[in-house]
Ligand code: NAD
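Let's start with one chain on its own, the form predicted on its own, as structure tokens.
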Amino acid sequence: MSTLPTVGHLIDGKRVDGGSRSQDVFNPATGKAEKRVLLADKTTVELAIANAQEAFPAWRNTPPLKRARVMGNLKVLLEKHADELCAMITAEHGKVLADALGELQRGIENVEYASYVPELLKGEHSKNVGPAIDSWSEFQALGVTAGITPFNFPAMVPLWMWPMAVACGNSFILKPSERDPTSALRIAELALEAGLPPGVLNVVNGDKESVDTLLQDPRVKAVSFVGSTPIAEYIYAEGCKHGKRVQALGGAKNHAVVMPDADVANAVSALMGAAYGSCGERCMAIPLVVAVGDAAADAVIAGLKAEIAKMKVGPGTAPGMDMGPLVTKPHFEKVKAYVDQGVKEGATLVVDGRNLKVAGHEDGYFLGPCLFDNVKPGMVIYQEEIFGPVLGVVRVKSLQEAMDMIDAHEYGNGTCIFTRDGEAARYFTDNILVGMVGVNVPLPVPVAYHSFGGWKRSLFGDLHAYGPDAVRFYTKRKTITQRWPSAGVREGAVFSFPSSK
């Protein structure tokens, strides 16, 4: 019998148990299990759905300004409890505390944007579209909505979803990653403290059984997902099959183009953080550098080698660390196998992080930064999303060759170009087939009042996450056309289709 603390669910404003299965939650820096998370069964998820459905009518009819005030209160509470939340994130994910704080801050910005919802929900009105006829549109809440979120941003990605969903008048069920569940639960409790009524936000921890229940239950009207492309494709197909609105953000393989005229020193600094920050476990990470010309490639490789040698890798709670461990032992083994595969396929392993040992944390899931040169399309390490601290350099002869390579890849999440040439930058941003593009910015993640999403097999669905698209995703437009005939005036029947002619 396990004596580890148990992480349950939050339903109708209360912590509850539910489900006969559970699994360990590990501290990646030590390799030791520190708690167990209960995996919700179908009955538990259906209880959450029922509570969300019951809470919806009153919340939908709550004035938007009052809903916005809850978001304002939540922002203050998240800032107040930032240290507590970041400690939770680091203990379960492994990222360094500074990175956890950056993640949380980005989530808080989305909460702040959701507090503008009275303005965002204003409809459109036209007077006298016909004789004494007025027309207007409204954005109405959908009902019970749900979000399924990944391990790599346990606080930020949930805050991409449910704050805007509930600000728009919906109720919400969050299914966070079972690998690092506690920060999402704690934030939901802070939302209650901020004034969110019980049942409006419910959190269920679980696995495929929980996900399938959310996808199949007709009471759930919309589902948001962030994760790998195979799962995103499944979520999208299964949710649509059951008549739901679905946005499913999938994987990525982001390329950074370095032009011959680039400021190499600044490009190298930017690439270090983009490739190795959060141990590479970001869908917006840069795992591939496409260097235009051998001179640019050689300079980038030399710069990266020098910077990697200075990196400090260790537990995320230790001061001054640049990179922590990977999230789980199976993921560590998977990423390490990708490095083995790259060597086998003939790429040049310039920096080998496979034998890194962190004193006092020998059982932690630490992989040092790895750097490949001479990576080529067709190699597994070029094609597949590694999600680890592995950076590959591809050599090409022209910008067009680089762009053709990027456009040919199945993913189109993010990309960037390092250059001093405005013409090259403009051509690149105008023509590249990727959803988020940076110019001398390696992680072009949109701020909260824009929207996040890729192209091709990085996104299934028409609307991007958070920002203005979130308002459209979590509401339905209703258009009303109204006429009040003058008293005592009787008009004859009109059989032609109405028009304003």
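Start at 1 and count along the sequence shown; that's the residue number. Just so it is clear, the model here is predicted, and its values are computed rather than measured.
There is another form of this protein, the form predicted in complex with nicotinamide-adenine-dinucleotide (NAD), and it is not shown here; the text below is about that form.
Here is the short version: of 154, 107, 287, 206, the single residue with a heavy atom within 4.5 Å of nicotinamide-adenine-dinucleotide (NAD) in the predicted bound form is 206. In summary, among the residues 191, 402, 148, 296, the only one with a non-hydrogen atom within 4.5 Å of nicotinamide-adenine-dinucleotide (NAD) in the predicted bound form is 148. Within 4.5 Å of nicotinamide-adenine-dinucleotide (NAD) in the predicted bound form, a heavy atom is found for all three of 175, 228 and 387. Heavy atoms of residue 88 never reach within 4.5 Å of nicotinamide-adenine-dinucleotide (NAD) in the predicted bound form, leaving it off the interface. Taking the partner from elsewhere, residue 160 is found to have a heavy atom lying within 4.5 Å of nicotinamide-adenine-dinucleotide (NAD) in the predicted bound form. nicotinamide-adenine-dinucleotide (NAD) in the predicted bound form comes within 4.5 Å of a heavy atom belonging to residue 452.
Using a 4.5 angstroms limit between non-hydrogen atoms, residue 283 touches nicotinamide-adenine-dinucleotide (NAD) in the predicted bound form. Annotated contact segment (heavy atom within 4.5 Å of nicotinamide-adenine-dinucleotide (NAD) in the predicted bound form): 176-184, selected among 426-434, 176-184, 371-379, 344-352.
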